[in-house]
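Two forms of a single protein chain come next, each set out by itself as structure tokens; they are called structure 1 and structure 2.
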Structure 1
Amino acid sequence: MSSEQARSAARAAVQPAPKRATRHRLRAQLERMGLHALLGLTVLVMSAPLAWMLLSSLKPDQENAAYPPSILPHTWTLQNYRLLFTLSDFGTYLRNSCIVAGVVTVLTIVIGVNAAYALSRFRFRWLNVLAGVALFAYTIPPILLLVPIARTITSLKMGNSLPALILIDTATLLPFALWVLRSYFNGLVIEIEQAAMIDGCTRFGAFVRVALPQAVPGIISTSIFTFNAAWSEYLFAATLTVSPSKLTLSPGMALLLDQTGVYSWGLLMAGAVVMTLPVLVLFTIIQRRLVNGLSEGSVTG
């Protein structure tokens, strides 16, 4: 090493620590600002269609048909929402979707939690085969099952009924819930349950008092997915239900213009807003519980 290089290395070694710390803080702040800017851009791009849908539902038809289109309404109106519930059976569609999605979510979570815990904690032959069959059942496209399911429902005289949709949606979504919840139970610390059973808990008591509280984040996330899938399901609802009193929101929205006889983008956007709102409200309500549960699970683990 030359004398000049040695002097440069010595000067770098004796550089004041506060100056190096300041440079590191500046670099960290710049990286944080860049990540926040990227996150903000992503949120803006993904929320733009929702914002356009909401603003279009608050415009009169003349503004929705005008060119060039305006972002903010010149005239704010709720007429589209009033027409939505007065000119069509949208209220009936909304009620049917709430019943189907709510019951499907409860049944799927109750059955899935118990079955996933059994698959995770008990060891028996063909366990991996059974779990693989459950995952394979979820990967089958629903369109391939439409004809045999429709014939089965017809032979059981359950056509054009909400119980048929509940049964089909539960059977369709249960394999996914089972696979996700089983993976979540596999990640929990089993020694805590064993310690509870040594202290006098039964297997069911350890499941209820120890495993379930730790599995709350997985149950919540699976519930959100299940509710959203059942809420927006279209294929079986449009095929197996005929009368307007049994239709859910997805096929009801497809028939909205034909039923009302009114060609209105504002009316369609109002229906889309009402259809999207329950999922957003549900996620907003349980988001805090989901984050708290994740934090508690990490501390427990």
Structure 2
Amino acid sequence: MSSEQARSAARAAVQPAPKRATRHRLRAQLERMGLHALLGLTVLVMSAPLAWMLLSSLKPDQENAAYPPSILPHTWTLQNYRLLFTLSDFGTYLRNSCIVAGVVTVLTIVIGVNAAYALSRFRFRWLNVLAGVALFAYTIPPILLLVPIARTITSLKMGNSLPALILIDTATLLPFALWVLRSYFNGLVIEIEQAAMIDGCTRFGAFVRVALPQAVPGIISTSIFTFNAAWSEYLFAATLTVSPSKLTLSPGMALLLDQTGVYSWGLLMAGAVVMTLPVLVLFTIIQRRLVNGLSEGSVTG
């Protein structure tokens, strides 16, 4: 029996009687309702904390301290946001974080793309060693590097400065970028580059003019993840920056959090919302790709 015959025979065998069909449909409908309820519950649990953050940031202080708490604000107010920027140094933290995360992303991508291309296209033994070292660097606990790095930075007289933080963030985020970008280049067809070289491109020209444009989607995803990681980074930022004018958002918010006696929960929630906004924008850009493409490259590559 051919497989086609087998398939139609199987289909005929499972063809249900009319009565069974109604019951079957009823069961399927009930099941779909159950699944929708489950989906709703999942969404509720996952997004409730963020909804709570947003709502609380729009409530006046008395309401945030009130018991029992109210879900929706009785009085809607932007007072918390105004105080956040006038009362605390949040504006400075925000500016520093933009600088650090922006520069780190550009550096990581430029350095990472070049290195990843080399790792993907050239076959030298010393390159393999380097790839292994990069993977190993990814498994080193950041806390282990903290003290020696702090010492190096002090001896370079770069303590309490944004450039030092930028260099370290770039170095710690590089292995991930290398890994994703390399698997991305591995997935590109090499023949087009070879054709370009036959047509008179240098190897470097083939890289810049042929491979690079094809890698743009991978580069965008990697940039977003790098930016997000630099934007969120706490450990090195908290250790290396000291004076309020040099703090980024993570240590800055931690400082405000320790002074909740001075500031209010409403103000802190406003800070949390502002810090989340850029992340939300990036997430909206990347969401589709997140499910369809990037994780495949980054995880199976």
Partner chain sequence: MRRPNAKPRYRKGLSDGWLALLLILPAALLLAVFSIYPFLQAAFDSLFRIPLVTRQSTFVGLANYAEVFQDESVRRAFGRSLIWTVSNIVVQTSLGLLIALLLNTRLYGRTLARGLVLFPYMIPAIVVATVFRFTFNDITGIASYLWLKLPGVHEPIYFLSQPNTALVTVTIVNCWKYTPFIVIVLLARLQTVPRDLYEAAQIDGAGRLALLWYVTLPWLLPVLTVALLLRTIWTVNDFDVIYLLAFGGPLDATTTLPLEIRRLAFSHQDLGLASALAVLVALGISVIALAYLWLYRRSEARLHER
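Predicted model, so just to flag it, every value in this text is computed and none were measured. Here, a residue number simply tells you its place in the sequence of structure 1, counted from 1. Here, rigid core means the biggest group of C-alpha atoms that superpose within 1.5 Å across both forms.
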Of structures 1 and 2, the form predicted in complex with the partner chain: 2
Indicate whether Asn128 shows a C-alpha shift of 2 Å or more between structure 1 and structure 2, with the rigid core used for the fit. yes
Is Ser243 one of the residues whose Cα moves 2 Å or more between structure 1 and structure 2, with the core superposed? no
Taking the rigid core as the frame, does Leu144 move its C-alpha by 2 Å or more between structure 1 and structure 2? no
In Å, how far apart are the CA positions of Val43 between structure 1 and structure 2 with the rigid core superposed? 4.8
Core-aligned, what does the C-alpha of Glu31 shift between structure 1 and structure 2, expressed in angstrom? 10.7
